[in-house]
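Next up: a single chain in structure tokens, the form predicted on its own.
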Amino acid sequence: MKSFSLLNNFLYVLFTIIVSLIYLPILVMIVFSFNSSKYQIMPFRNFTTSWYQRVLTDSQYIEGLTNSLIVSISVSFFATLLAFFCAYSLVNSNFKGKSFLNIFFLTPLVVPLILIGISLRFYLTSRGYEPSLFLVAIGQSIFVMPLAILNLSNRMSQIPKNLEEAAWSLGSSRLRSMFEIILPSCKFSLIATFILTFTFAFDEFIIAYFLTNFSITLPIKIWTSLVTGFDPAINAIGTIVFLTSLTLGLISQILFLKK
């Protein structure tokens, strides 16, 4: 019993250290986003919101934000829509090799993003496509699709099969029963999947970096600003992106818990 208690204490300490290593730099970024000094050094100078005002009035940040929103909304809508039909097929069909197909759909989640970005860049440019936001949307759709399929498959597997069978026995077609029974039952999961895939696509950098040239997204703009020289406005835009992603992530998790 004593050894078990020691193990628990060790795990608590380990968890605290890991969380601190992850969130302490973010906390520092948030604090310095309100610092009037151009340098991230102590002591903390006057409180200011000028860096936030600069971000909201800088045309390059606005352009990057607009491009990111266009791509992310397109990616999340396409991925959620296609994942709904894929999940329905996987849950309601039995065929040889189904387990292998399930694993195949999840493969992009374990492949390093840099390999996905490089391979898509070489393949698409060899087919005559110029790097653009459209290619970024294709690449990010491949990246978030497994997550969308996994989430919707888990929800559909909880829906009683006899609901659809009763509809079929009353003369309903499979397509009609899918839209009138399965779709309403998955509405919260669909919204949550849309939000979650939007968050992943909005924050994604590597695929966007390899598949675009001049139409940059917000993560690329942030990276460019860091490479060319530190800009205190980075703290402000980083804080906005972090809080937005955190809020959307919490909303999606709450929706996943709804039935």
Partner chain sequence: MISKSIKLKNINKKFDKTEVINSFNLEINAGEFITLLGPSGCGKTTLLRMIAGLEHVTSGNIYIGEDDVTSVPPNKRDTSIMFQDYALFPHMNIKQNIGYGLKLKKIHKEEIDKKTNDWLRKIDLEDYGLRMPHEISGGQRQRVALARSLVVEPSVLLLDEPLGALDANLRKNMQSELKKVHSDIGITFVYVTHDQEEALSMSTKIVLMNKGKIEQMSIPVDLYNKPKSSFAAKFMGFSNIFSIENKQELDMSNFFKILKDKEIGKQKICFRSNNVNFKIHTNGEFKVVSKQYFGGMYQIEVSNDNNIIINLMSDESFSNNIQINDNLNLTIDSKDIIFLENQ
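None of the values given here were measured: they were computed from a predicted structure. Numbering follows the first chain given and starts at 1.
There is another form of this protein, the form predicted together with the partner chain, and it is not shown here; the text below is about that form.
> Determine whether any heavy atom of E165 comes within 4.5 Å of a heavy atom of the partner chain in the predicted complex, and answer yes or no.
Yes, E165 is a contact residue.
> Heavy atoms within 4.5 Å of the partner chain in the predicted complex: does V110 have any?
Close contact is absent here: in the predicted complex, V110 is far from the partner chain, nothing within 4.5 Å, heavy atoms only.
> Considering non-hydrogen atoms and a 4.5 Å limit, does the partner chain approach R127 in the predicted complex?
Taking the distances in the predicted complex, the answer for R127 is no, it never comes within 4.5 Å of the partner chain.
> Closest heavy atom of I181 to the partner chain in the predicted complex, within 4.5 Å or not?
Although the partner chain is absent here, I181 would touch it in the predicted complex, with heavy atoms inside 4.5 Å.
> Work out which of the listed stretches, 116-124, 78-86, 99-107, 181-189, brings a heavy atom within 4.5 angstroms of the partner chain in the predicted complex.
After filtering at 4.5 Å, what remains is 181-189.
> Exactly one residue in S172, N154, N92, S132 has a non-hydrogen atom within 4.5 Å of the partner chain in the predicted complex; which is it?
For this set of options, the contacting one is S172.
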